[in-house]
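Read the single chain below, which is given as structure tokens and is the form predicted alone.
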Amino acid sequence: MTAYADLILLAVLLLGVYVLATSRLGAAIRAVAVQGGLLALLPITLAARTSWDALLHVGLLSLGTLLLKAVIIPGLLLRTMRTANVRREVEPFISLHTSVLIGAVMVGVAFWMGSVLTLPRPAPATLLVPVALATLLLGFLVIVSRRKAITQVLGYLMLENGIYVFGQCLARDMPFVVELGILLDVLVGVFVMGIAIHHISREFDNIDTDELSTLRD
């Protein structure tokens, strides 16, 4: 089943690059939603040969991941996008073409780091560590290169997806309560960001985060 895991990880990486390359917010949100759905399948492919109790644990985690990452959070972001009446990332801090070039370099660095990084135990899939690092770096790049608050939330979600992927290396050592707590932290973070986006839109009639620099005490 590790071959299926590698295919899922490759698709997750390509979706991350797509988010970096597109200016359409709706398409970016849906890409992150698909990324979340694929990540929900990842623990199942990595735990196919474990006991039934472990499979039940993994199944509950995958279900929670699917609902949160592929349904609830993308739905909230799409609703926020419609409320703010914004469809595109018009003037990013870094152009899309330059972002893709930087992202390609980051992916190369991530794969190099994944090949030299020594883990306490072998990773359950070949691409697990490189894709985790690449998704983390791409998430950081989306956060710092985009103006729209919604796109920055997507970068935050991609960053968390990278942490989630890397956490699969430690899946046998992480209690279910800790994993559930991580998912709830993500949901709370997105709710807080959604409230911030709402107030930015109400005060400035747009959701460009650089407008926050005009605020004064």
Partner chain sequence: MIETLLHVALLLALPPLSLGVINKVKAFFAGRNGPPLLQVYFDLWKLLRKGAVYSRTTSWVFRAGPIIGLATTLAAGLLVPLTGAAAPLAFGGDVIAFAYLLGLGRFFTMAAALDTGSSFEGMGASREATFSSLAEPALFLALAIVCIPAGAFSLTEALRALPWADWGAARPVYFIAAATLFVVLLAECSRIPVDDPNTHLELTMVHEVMVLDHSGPDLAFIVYGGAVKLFVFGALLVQLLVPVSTLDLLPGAAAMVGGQLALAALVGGVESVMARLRLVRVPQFLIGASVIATIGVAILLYRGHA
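Numbering follows the first chain given and starts at 1. Predicted model, so just to flag it, every value in this text is computed and none were measured.
Separately, the form predicted in complex with the partner chain exists; it is not shown, and the next lines address it.
- Using a 4.5 angstroms heavy atom cutoff to the partner chain in the model of the complex, all of 6, 104 and 115 count as contacting.
- Although the partner is absent here, residue 94 sits far enough away that none of its heavy atoms falls within 4.5 Å of the partner chain in the model of the complex.
- Taking non-hydrogen atoms only, residue 139 never approaches the partner chain to within 4.5 angstroms in the model of the complex.
- In the model of the complex, residue 73 stays away from the partner chain, with no heavy atom inside 4.5 Å.
- A residue is said to contact a partner when one of its heavy atoms sits within 4.5 Å of a partner heavy atom; residue 100 meets this definition for the partner chain in the model of the complex.
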